[in-house]
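Okay, here we've got a single chain as structure tokens, the form predicted on its own, with questions on binding and movement later.
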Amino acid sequence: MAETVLVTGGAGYIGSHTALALLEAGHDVVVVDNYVNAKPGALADVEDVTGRSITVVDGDARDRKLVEHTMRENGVTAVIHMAALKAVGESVEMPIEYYGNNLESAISTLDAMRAAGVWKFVFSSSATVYGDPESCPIPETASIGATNPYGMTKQMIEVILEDVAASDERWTITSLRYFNPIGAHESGRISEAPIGKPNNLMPMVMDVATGRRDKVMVFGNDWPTVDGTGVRDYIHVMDLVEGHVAALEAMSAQSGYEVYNLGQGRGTSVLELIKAVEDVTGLSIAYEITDRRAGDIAECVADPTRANTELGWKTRRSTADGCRDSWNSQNT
């Protein structure tokens, strides 16, 4: 059944790709975004690529009345909540802003949903809730314990969501724990375009590849990993957003609260990712080893079995595909 989906934070990197995937799957899309972490033209590009329109509201998900009005005005039937501040390192420096923004936007959105009678909620969570995992790959049953304020906001919201789902049988709530998204839509039109200084590895590497910066800063080479640099599960953004569509469409047969990992199930170190970009671009990517960042961990790799089995979702794109599409988006 086609849904009318409100995507909070829908103009951002993952949000704009989610909007595209929803439209291509036959759903209608409404976006609320304050453009703190997004470029205004992203959704226009989504409309051009898909040939479909998006209802866009310039506003903050913390504004409960605005969110409720938007849902009522547009006949929204489900919400994908992505509005959040999202940088691990920055969250260590700005914990008050992170707790205030991320918790308030989630609670306000849930409150607005209840008032408008909308009961399907997909939450943009994060593998950071696992903290420093005891072993990898990580199943959803692993203990959680975030090591930085950003991850703690996701962990706290997950606790809230479980309580909300238990409070009223009308709620159907799913948390999707993202691992590390990279890449872009194959058109190159929709991409990762961080505002200001990039905080994630791939846009840092792309900045070096395009000459916008001299070198990539590699935070530590003394981790207990294959080459001493941090290992992450890099998932192509299109695989990630297809996981959102699968989670949304599974809700008709679900109730209560569910949690799924969205990851490739394969780890790649920082230096391996840099080498993969070099292979795709034919360029030499300069880097410098520097101190570890506060809140970082050695390794974080998903066990995606549950999403594979229960959502019928699997990744279809490789890390090399993510590198190629990221590079393509720089030249489109």
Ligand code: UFG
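All residue numbers refer to positions in the sequence shown, first residue = 1. Predicted model only: the values in this text are computed from it and were never measured.
One more form of this protein exists, namely the form predicted in complex with the named molecule; it is left out here, but the text below deals with it.
- Partner proximity in the model of the complex, defined as non-hydrogen atoms within 4.5 angstroms of the named molecule, places exactly one of 124-132, 110-118, 155-163, 250-258 at the interface: 124-132.
- The candidate spot formed by M217, R293 and D296 is fully in contact with the named molecule in the model of the complex: every one of the three has a heavy atom within 4.5 Å.
- For the options N221, N74, N199, T210, the one in contact with the named molecule in the model of the complex, meaning a heavy atom within 4.5 Å, is N199.
- Put simply, of A146, M238, M204, V245 only one has a heavy atom within 4.5 Å of the named molecule in the model of the complex, and it is M204.
- Heavy atoms of Y234 reach within 4.5 Å of the named molecule in the model of the complex, making it an interface residue.
- A78 falls outside the set of residues with a heavy atom inside 4.5 Å of the named molecule in the model of the complex.
- Although the partner is absent here, G230 lies within 4.5 Å of the named molecule in the model of the complex, judged by heavy atoms.
- Residue contact with the named molecule in the model of the complex: C300 places a heavy atom within 4.5 Å of it.
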